[in-house]
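A single chain, nothing else alongside it, follows as structure tokens in the form predicted alone.
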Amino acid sequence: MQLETLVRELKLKVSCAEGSIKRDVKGGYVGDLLSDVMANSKEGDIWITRQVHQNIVAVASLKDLAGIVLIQGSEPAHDTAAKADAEGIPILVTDLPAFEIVGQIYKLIKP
């Protein structure tokens, strides 16, 4: 499934790198501990987190993640948004808590 489909179906706000939302989403990972995400996420995952600092972009780029979803209305810090735009890492925002958005994403991407 493409990231743009998730954006449309779940009414996610595209906060950064709107031109990069045609990426394929193969799975997902939820976590706020960067070392955990680096160790356990997989290429093509959508990452759901509360973190807003620019290191999330570095991790997403390193792991070749499809994008990042910020929960509970969190917005990326200014420097995070700039780095995400420069690196083409989509950052999406939802007002939902992690538990709810993860369930909705799972229903859409798993057959």
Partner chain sequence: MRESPKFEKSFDVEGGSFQNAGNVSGQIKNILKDLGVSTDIVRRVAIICYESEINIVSYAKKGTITLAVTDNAVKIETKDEGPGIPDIDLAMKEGYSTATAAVREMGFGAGMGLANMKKYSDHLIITSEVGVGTCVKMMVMNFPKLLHPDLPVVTL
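Just so you know, these numbers come straight off a predicted model, no measurement behind them. Numbering follows the first chain given and starts at 1.
The form predicted in complex with the partner chain is left out here; the points below concern that form.
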Worksheet item: According to a 4.5 angstroms non-hydrogen atom cut-off, is A84 in contact with the partner chain in the predicted complex?
Response: no
Worksheet item: So in the predicted complex, does T80 come within 4.5 Å of the partner chain, heavy atom to heavy atom?
Response: no
Worksheet entry | S61, heavy atom within 4.5 angstroms of the partner chain in the predicted complex | yes
Worksheet item: Does K26 reach the partner chain in the predicted complex if we count a contact as any heavy atom within 4.5 Å?
Response: no
Fill in: Heavy atom contacts to the partner chain in the predicted complex at 4.5 Å, residues of 35 to 55 in sequence order
S35, D36, M38, A39, N40, Q51, H53, Q54, N55
